[in-house]
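We begin with a single chain expressed as structure tokens, specifically the form predicted alone.
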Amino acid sequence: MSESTFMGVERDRIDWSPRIDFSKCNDCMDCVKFCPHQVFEVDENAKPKLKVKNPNNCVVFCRACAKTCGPDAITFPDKTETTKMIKAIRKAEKAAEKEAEANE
């Protein structure tokens, strides 16, 4: 289970979770075996079998499952862009707090 915030930002506002390229995925499930956060789900009766069920369980900036993926089927959003987005959210939230305090 993930923390509820990361760097002071609600986790569900941060776009950080694995993306699966099913044209490369060979259903080895090494990512599922490796990840202790229950990010993935396997449905043997579905096509594709693998899906990202709990994206917010993914630890922000962790890419370990992608490193275990032999066919390089797992990617993540750009870390630099994600960092910029987190900083922008924090800045906007601080500005809103200051404005609220000024209006009290």
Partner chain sequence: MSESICVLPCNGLDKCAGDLSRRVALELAQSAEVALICPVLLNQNRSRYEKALAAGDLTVIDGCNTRCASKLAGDLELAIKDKVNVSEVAKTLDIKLGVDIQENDDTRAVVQAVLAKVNSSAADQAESEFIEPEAVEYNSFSHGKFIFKVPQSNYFFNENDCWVTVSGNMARVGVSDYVQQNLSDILYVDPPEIGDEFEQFDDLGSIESSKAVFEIISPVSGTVVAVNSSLNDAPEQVNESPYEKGWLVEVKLRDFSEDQDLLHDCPAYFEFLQRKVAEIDV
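Positions refer to the first chain, counted from 1. Predicted, not measured: the structure shown is a model, and the values here were computed from it.
This next part talks about the form predicted in complex with the partner chain, which is not shown.
Peer 1: Does at least one non-hydrogen atom of R13 fall within 4.5 angstroms of the partner chain in the predicted bound form?
Peer 2: Contact with the partner chain, no.
Peer 1: Does S17 make contact with the partner chain in the predicted bound form, using a 4.5 Å heavy atom cut-off?
Peer 2: S17: no contact with the partner chain in the predicted bound form.
Peer 1: Find out whether any non-hydrogen atom of M7 is located within 4.5 angstroms of the partner chain in the predicted bound form, and reply yes or no.
Peer 2: Flag for M7 set to yes.
Peer 1: Just checking whether M29 would be counted as a contact of the partner chain in the predicted bound form - the rule being heavy atoms within 4.5 angstroms.
Peer 2: Close contact is absent here: in the predicted bound form, M29 is far from the partner chain, nothing within 4.5 Å, heavy atoms only.
Peer 1: What are the residues of 76 to 100, in order along the chain, with a heavy atom within 4.5 Å of the partner chain in the predicted bound form?
Peer 2: Sequence-ordered list: K79, T83, I86, K87, R90, K94.
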